[in-house]
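Next up: a single chain in structure tokens, the form predicted alone.
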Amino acid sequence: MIHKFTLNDYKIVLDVNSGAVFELDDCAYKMLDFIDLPLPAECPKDIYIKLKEFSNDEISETYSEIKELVEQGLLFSKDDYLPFVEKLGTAPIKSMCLNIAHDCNLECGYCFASQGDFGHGRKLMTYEVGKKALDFLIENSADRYNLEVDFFGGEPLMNFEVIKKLVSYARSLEKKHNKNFRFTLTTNGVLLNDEKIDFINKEMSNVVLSLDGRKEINDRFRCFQTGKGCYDIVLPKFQKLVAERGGKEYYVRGTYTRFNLDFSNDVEHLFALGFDQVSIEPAVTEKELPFSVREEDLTRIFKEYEKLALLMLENKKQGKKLNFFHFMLDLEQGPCVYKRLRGCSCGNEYIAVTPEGDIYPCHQFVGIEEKKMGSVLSGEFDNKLKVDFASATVYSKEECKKCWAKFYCSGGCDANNYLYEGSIKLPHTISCEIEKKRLECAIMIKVALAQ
């Protein structure tokens, strides 16, 4: 399987199974439409007829080059991934989302978590429940050395004292159990102060800062109960945190909606503010909601990603350290074969724990009772559900099997698939189309930089 596309005047082909990427001239790009395997030794006569705008010598030479790439396994290559599916199975748990606060000091209009309480009332996780969750993670991590814990909400800094105690408790377990905890925290920034910034920059391997871009865009949805936006309050705090982070990982994470389909301007705005690590995601929810992106918006969205790709390319050519999360792509090595087959680890290697100690496949499944997996308090865990999630691969999803992007998106987000298509094995159409465009843009940037 191959995927051809033209972007920014580059004619590009991706060989899906080998991962090889080529920039082609006009003759080669057109010839690929007429290639049938197995290739005969000499260029078939019908190809000369179909490509009559090119000279016979150019056609013959191009055919020989394509034939050589096919023989090298770099074009129309065989699918060697399928045998690995049988080896996947379930895996030890290595990552945990601790919903440390089902409460929030903002009421963001697009919040998937019902403004922080996930529709089940406002609660904060106790230290005792958090300890049980960390113990559960260690007990179910087998020989995994690196364990990931994400402090999430709502707004996790509303429960800052418990976060501090849980980090200290986890550190006390590392040597005893031969583990290394890596912590992440996602925050809206309202409660940041010098103490919290110092703690985050010391203990958090990564921090996610929620900001949507331009003031008028951010403040349309990211508001207090009074309706006042948070931009002016959180921006200087985020800038201070990043300035003092010392090169450790972070990224500013925004959301775009139907009301700012010119979101490349928001990314550019964030770069101008000094943030060099940025992610901005579409508002994916019920299509009836006025702010949710829809299929009719895709043409406009694609143009924005193309505009953003050109911006990123120009910045990289100037040597600027600017990264857009969805354009970060490694064409030489990339993720391991198992990650390509099953990108989302929710319900298998990754779980979420609520303030009550209930276990769900990930933070987006919280509150969906049929997907509740157990409790860290009782120790119960539904291994059948774990097997179901572990079996969700690109080969168990019919649409993914025939998709050129399958080894890059790895089947998409299980939560979006379930919430909006009814099954973790039915890819969410809009998310798929957006991801394919982002991949094309990322590949184009790599091709352009290789010139």
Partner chain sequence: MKHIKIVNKANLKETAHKGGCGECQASCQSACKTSCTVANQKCEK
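Since we're looking at a predicted model, the values are computed, not measured. Residue numbers count along the first chain shown, from 1.
The same protein also has a form predicted in complex with the partner chain, omitted here; what follows describes it.
Test of understanding: in the predicted bound form, would Q364 fall inside 4.5 Å of the partner chain by heavy atoms?
Q364: contacts the partner chain in the predicted bound form.
Given that the partner chain is not shown alongside this chain, does Y408 nevertheless sit within 4.5 Å of it in the predicted bound form, heavy atom to heavy atom?
Yes, contact at 4.5 Å.
Even though the partner chain is not shown here, does M328 get within 4.5 Å of it in the predicted bound form, heavy atoms only?
Residue-level check for M328: yes, a contact with the partner chain.
Please tell me whether any heavy atom belonging to F381 falls inside 4.5 Å of a heavy atom of the partner chain, as the geometry stands in the predicted bound form.
So F381 does not count as contacting the partner chain.
Tell me, out of E399, E61, D388, E421, which residue has a non-hydrogen atom within 4.5 angstroms of the partner chain in the predicted bound form.
None of the others qualify; the residue that does is E61.
Please identify the residue among H269, K94, K123, K196 with any heavy atom within 4.5 Å of the partner chain in the predicted bound form.
Only one listed residue qualifies here, and that residue is K94.
Check, residue by residue, if D135, K307 and V376 all come within 4.5 Å of the partner chain in the predicted bound form, counting heavy atoms only.
Judged in the predicted bound form, none of D135, K307 and V376 sits within 4.5 Å of the partner chain.
Just to confirm the contact call: exactly one of 156-164, 187-195, 344-352, 234-242 touches the partner chain in the predicted bound form at a 4.5 Å heavy atom cutoff, so which is it?
Checking each option against the 4.5 Å cut-off leaves 344-352.
Does any residue in 126-147 get within 4.5 Å of the partner chain in the predicted bound form, counting heavy atoms only, and if so which ones?
Residues within 4.5 Å: D143, R144, Y145, N146.
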